[in-house]
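Next up is one chain by itself, shown in structure tokens, the form predicted on its own.
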């Protein structure tokens, strides 16, 4: 029979245990799960660096992320750390444009829309790059970034001793954080990266490489919806996302998979690594509101006004029905049987995938309802077309000048990812020693990379073609 003293002692012990458990729980939450949102007053800064909900489920601890290029330069395509993967890095910033740093227990790095939607342009190789927000990146290698992480995690150098030595060389870390990183965070990060490769990106080795400035719908189907691999190729160029108010009512994605901007924006966050529970809807809505009136950038070089005036007449007669605002087919899907371009992307997204995605988030207030299959590609309005190179939905034609040539005269092999602008042909420089050294070899014979089709204007006289290209620089 217990005495009052015994019961009192047991109560005190229980109280101590509960307090210790509460303290341990609070410590765990504080150091590993506590989210501290970073707010950017400027919508532009928010677009560049604001979180969309990726850091908790898919982010990399900042200090690990920072030292990986120092430990594994051999896993990158060239010198410069993440810049070698085409990241656009502003002077004095902790992370490149399109990368986010958010506290989720510890500082973590994720990605956002700007990683793929910021273009880098130089006039000469000696110039510093100028960055254009909302433009399709012709340099960033989204696939290359995840492959870099996978390659690092497979390497035996990805271990606590090596990584901690590099971190402590540049940052004075508390003993508590040293303990957590050495025995928990680094091993867990390695395991998480390898699990992500096996679970979400198992399909990549059998597909053609995307190269810079391109993406794929496979992450939607494999990573987000967990649909079985159908072995199709979904490669597509990243698209411009500026001036969205003028594009209201147009189909979105290169193949017109959705009629609403809001669902396209939110689905992109999921492909970047956000989940149903982590996706930051207010942040994405803020990005979308800013994109509505983000102007398409003006061509920054000299234009021959007289030649452009002659080109406008050619455009009005040859191109306006599909590519001018107010054109009968602008923003609508043109059947692939008519436009004749590579059909892999169309075949990649059947109605069964669209139906699955439209029910994937049932019960959530932001659920999807407007995804669809398509039989062709969207005829885009050409605002800012000078900065959308390479051309066609798969980025298979390097310049506007090349696009006005029949397939047999278009480059069969060229180099993507070099950001020096070719003013004569209206595109990025895609051949020569520097383009070959820093670019990605794009072979149009690879499945999904064909430069066939879109023969409109290819039979025009040479003088009309030159005038048309000059006019398109003004759009």
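Computed from a predicted structure; not experimentally measured. Residue numbers count along the first chain shown, from 1.
Quick note: we don't show the form predicted together with a small molecule, though the next part is all about it.
- Partner contacts here mean any heavy atom within 4.5 Å of the small molecule in the predicted bound form, and among 124 to 132, 355 to 363, 400 to 408, 100 to 108 they occur only in 400 to 408.
- Contact between residue 138 and the small molecule in the predicted bound form is not found at the 4.5 Å heavy atom cutoff.
- Although the partner is absent here, residue 379 sits close enough that one of its heavy atoms falls within 4.5 Å of the small molecule in the predicted bound form.
- Although the partner is absent here, residue 82 sits far enough away that none of its heavy atoms falls within 4.5 Å of the small molecule in the predicted bound form.
- Although the partner is absent here, residue 392 lies within 4.5 Å of the small molecule in the predicted bound form, judged by heavy atoms.
- For a residue to qualify, one of its non-hydrogen atoms must sit within 4.5 Å of the small molecule in the predicted bound form; none of 76, 151 and 153 qualifies.
- 261 is the sole member of 95, 227, 261, 308 with a non-hydrogen atom lying within 4.5 angstroms of the small molecule in the predicted bound form.
- In summary, among the residues 339, 185, 193, 246, the only one with a non-hydrogen atom within 4.5 Å of the small molecule in the predicted bound form is 339.
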